[in-house]
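Single chain ahead, written as structure tokens, the form predicted alone.
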Amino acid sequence: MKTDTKIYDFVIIGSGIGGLVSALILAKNNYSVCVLEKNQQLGGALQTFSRNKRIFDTGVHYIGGLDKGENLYQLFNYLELLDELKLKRLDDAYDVIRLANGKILKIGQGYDNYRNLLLNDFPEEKEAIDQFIHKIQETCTYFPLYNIQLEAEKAYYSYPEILAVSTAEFIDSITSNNDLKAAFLGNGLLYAYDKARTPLYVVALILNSYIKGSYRIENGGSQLTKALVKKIRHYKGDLFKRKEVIGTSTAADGKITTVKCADGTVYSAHNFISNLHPSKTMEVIGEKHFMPATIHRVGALKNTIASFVVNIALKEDEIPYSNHNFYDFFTDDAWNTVDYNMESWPHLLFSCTPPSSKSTQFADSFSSMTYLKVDEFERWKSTQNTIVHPKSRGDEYMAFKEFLEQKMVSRIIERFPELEDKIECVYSSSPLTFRDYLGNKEGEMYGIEKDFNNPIKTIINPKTKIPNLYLTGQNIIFHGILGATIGAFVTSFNFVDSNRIINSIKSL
């Protein structure tokens, strides 16, 4: 057994955005930190991979809230990341929604632009459009830290009814126009919109951020990982790859004293923060340390749906780069596509041409994503395949994956016929790929699903019953780069002066 003799203030398990931002906040505030990552690459969903000299994103294709002065811009500014990133602002119509009936809808950056583009397509729906915008903006005011504040006149914890508003019921109350509903919810793949469960506040927080500044990171999300790692190291933090935490030691008072990794290395700290899914955290830490009721409650929480992603290497200098995203629907039920029919799958595609430093005019790759339940891979659920632990899932798995690839590519060519003879290679990632590399419980897209039917049940407190174990990441507040970053600040505020930090952010 190899023991790191240093006793850190914090050991952070998992290097997703929540873990890295938590590490940077704490290191920046003079705590000693150590980040442990099980994979060969740091970054969680920020990971990229290279095929045919093209760089592909694992999960982060564009980010919101990055116009100057907006929430993520301010948080990144405090974290000293902005100068390290090469960002590309998307078109004023950052998302293009193409419906099965042939209608093309544009979603705009900036609320004036957002409103005007909708009015162009739905001039008779002015009242509904204005009601929707007002409700989105109003809902965001209930979340103080989202607005870089610690308190608000009305906050969700004092007015929990804001968490129980159904997206579907609200939109049905303001319009019966199905195409307008599709315009409101057409980019719902950003939050895995589910008509039966998705609360309006999730739509509001995410949609508002994209309206207020949609950007891509040139050469992939790993650039953000590199910026975070550089700053963590600048503040004397340590980061270790291929360190899969498999157990802990505890003291008589119930506090964790050390974590043990699969290679036998042991790390000591005064406090521990897990960026893993809460269920995975309990599994790694040891379920014996948690009450059976807690294990059952967390285990019963529904996760968001998983996804299937196709990445295409394109022939060079053939396909123009598109500085916006596409949401293509192949069903009239465009506002409820998580419950798909496998026979006619896929019902929805998110597609984009990632930016490259090689050329601003042409795209060298094309990425497309759709919903796919992990249940489709039930027979292979016990398999694992990563760079650190390579193991084939077998010929049947590969054949099924290729079958899905072909269905996806056929759909892609339906809407992008210009790609048909411009494809060099196709690569795909299944829910099991995401599960193994990102540490998700079920390969889910966005962690635990928020549910307006029982909103309190899906709120995860960063404090656990273990006195020195805390949680961070996408399950704390909401998912995505912005949500996980805010969640990291919430976790870190247990140890740093929140007023001082907020005042520092605002003063920059």
Partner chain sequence: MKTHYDVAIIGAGPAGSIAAMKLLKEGKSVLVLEKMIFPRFVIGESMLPHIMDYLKDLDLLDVMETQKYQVKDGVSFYDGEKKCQFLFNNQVNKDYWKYTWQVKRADFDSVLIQEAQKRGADVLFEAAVTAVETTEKKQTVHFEHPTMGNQTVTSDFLLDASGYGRVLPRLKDLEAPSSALPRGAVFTHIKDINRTTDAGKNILIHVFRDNTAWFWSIPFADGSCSVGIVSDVDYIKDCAADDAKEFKRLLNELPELEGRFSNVELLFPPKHILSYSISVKQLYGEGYALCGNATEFLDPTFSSGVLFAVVSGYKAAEMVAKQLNGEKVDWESDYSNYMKQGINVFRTYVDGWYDGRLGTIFFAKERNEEIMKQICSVLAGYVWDDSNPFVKKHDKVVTSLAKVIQINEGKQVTYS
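Quantities reported herein were computed from a predicted structural model and do not represent experimental measurements. Positions refer to the first chain, counted from 1.
Quick note: we don't show the form predicted in complex with its partner chain, though the next part is all about it.
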**Asked** Among 54-62, 29-37, 438-446, 458-466, which stretch has residues whose heavy atoms lie within 4.5 Å of its partner chain in the predicted complex?
**Response** 458-466
**Prompt:** Here the chain is shown alone; which of E378, E396, D83, E161 has a heavy atom within 4.5 Å of its partner chain in the predicted complex?
**Reply:** E161
**Prompt:** With its partner chain left out of view, which of L119, L150, V426, V388 would have a heavy atom within 4.5 Å of it in the predicted complex?
**Reply:** L150
**Request:** Report whether the minimum heavy atom distance between L348 and its partner chain in the predicted complex is within 4.5 Å.
**Result:** no
**Asked** With the partner left out of view, is Y156 within 4.5 angstroms of its partner chain in the predicted complex by any non-hydrogen atom?
**Response** yes
**Message:** So, I477 and its partner chain: in the predicted complex, are they within 4.5 Å at any heavy atom pair?
**Reply:** yes
**Item:** in the predicted complex, V374 touching its partner chain (heavy atom, 4.5 Å)
**Value:** no
**Request:** Sequence order please: the residues of 489-503 with a heavy atom within 4.5 Å of its partner chain in the predicted complex.
**Result:** V490, F493, N494, S498, N499
